[in-house]
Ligand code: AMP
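The chain that follows stands alone, in the form predicted alone, written as structure tokens.
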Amino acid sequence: MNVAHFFRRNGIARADRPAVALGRKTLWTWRELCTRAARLAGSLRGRFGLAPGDRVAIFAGNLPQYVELLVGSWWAGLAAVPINARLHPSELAWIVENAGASLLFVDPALEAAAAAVSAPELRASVTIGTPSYEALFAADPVPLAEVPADTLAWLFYTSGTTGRPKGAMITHRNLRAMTHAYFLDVDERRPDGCILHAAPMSHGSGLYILPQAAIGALQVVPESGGFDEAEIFELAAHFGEATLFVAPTMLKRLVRHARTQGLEPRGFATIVYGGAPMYLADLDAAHAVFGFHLAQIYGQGESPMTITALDRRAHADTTHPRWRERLTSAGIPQSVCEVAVHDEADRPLPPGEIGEIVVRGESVVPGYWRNPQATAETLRGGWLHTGDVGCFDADGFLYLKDRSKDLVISGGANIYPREVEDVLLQHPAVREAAVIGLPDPEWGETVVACVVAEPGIDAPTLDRFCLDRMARYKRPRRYVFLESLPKNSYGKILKRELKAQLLGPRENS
């Protein structure tokens, strides 16, 4: 079943109810949204000649048009390729070419970044909101495309430790599983609620368009197009029964805003957090402000939003003797997948033993786009090997002990050191580089570059060099200059030792 059916169903059952809003203003009812999606699908097929399975890239911040672009692509039987709006133009260009995207939709605020993008299979680039964009909705509507369950729906580019991002091939089956699991394992929702898209719609918040659409909830895009604490509180109070997906750093900012402004939060139904560690003290503060309206999910692009969950009931189960300990867990496996912990030989480990977290089930993608080697390695033995380390307790709650070996999670964004190291090593004065993450009270972790360089090089020079070649959020926030990097007998850099020694090095920042 095509996941656009969720929207078509609302176009019938909730035709005149609001579907998409920009701030307080409703833009389209469900009938209007479905009509626009069907007409857009007609243009994608007719004007651009796209065929089932072709890819449509979206390079945009949070815009209400994000919803119709996703639905219109699926309506036509195409695959969407949402791209992080914070990426460097060179990173954008690589993804567009690797995906073999036939069409690129661009946020007007990002036109400069996308101006130089060209790829062999790219037929056109359209700026969202322009007359040429609106003309696409003048086409005759087409029927909803019938697609097999394992048809590609969302090509999700997730960075990897090998440098280049990998395209996780999320199918219609995967998205349906994620949608069903949301209501079984994460949250109980009513159709009269809304979702506030405060986090990027190219990632988690965009994926959560689907479960909210499945029950006919209103999709609200803040007018700021981003995360503004005052705006989130105002919209939640205005609409009521509001849910949102946030990174822990965003939740901490909401708590801080409520306290400093003396606000009594109104209208929040559920705040789902994930993507980075959430410390117990921060959870205590969030519960004090919002009450027990929190839920946690642990997932990856390869099993979108769907590995484990700690739902509202678990957060509120204060009478349980291990309540506070469970709050530090990632919850229990979601209903549509199996989760296990394996040792280095891929043998299952008993509760209490630490190993790699592996997943299999309806939510797990069939592989990576045009990358059979990574597919075979990551999905060996029929399990998704997450690269994350953890263990189960005797009751079946999963505890994350460490993220992927090198992964840095800053403000909820995944930053893989190899990507940053590759850029640093392009500088002729840099002989060696090792990038690590160090704890940060605001962002969870901060990116630190440890560098062995020629005399005379300084942090501002390297910072400028990085900014010219990568997304701003990935660049190091601190540069530590060393005479040498600690290594083992095989020449491998010992990042754990580097972290332990970091209080003592000579640094220039």
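We number the residues from 1 along the sequence you see. Just so we're clear, the structure is a prediction, and the values are computed from it rather than from any experiment.
The discussion below concerns the form predicted together with this ligand, not included here.
- Of the candidates Q300, Q212, T270, T375, Q300 is the one whose heavy atoms come within 4.5 Å of this ligand in the predicted complex; the others do not.
- Here is the short version: of Y182, Y368, F105, F156, the single residue with a heavy atom within 4.5 Å of this ligand in the predicted complex is F156.
- At a distance threshold of 4.5 angstroms between non-hydrogen atoms, A237 is out of contact with this ligand in the predicted complex.
- Interface membership of I409, defined by any non-hydrogen atom within 4.5 Å of this ligand in the predicted complex, is confirmed.
- Taking the partner from elsewhere, V147 is found to have every heavy atom lying beyond 4.5 Å of this ligand in the predicted complex.
- In the predicted complex, this ligand sits within 4.5 Å of a heavy atom belonging to L400.
- Of the candidate stretches 335 to 343, 273 to 281, 138 to 146, 433 to 441, only 273 to 281 has residues whose heavy atoms lie within 4.5 Å of this ligand in the predicted complex.
- Counting a residue when any of its non-hydrogen atoms is within 4.5 Å of this ligand in the predicted complex, the one hit in 411 to 447 is N414.
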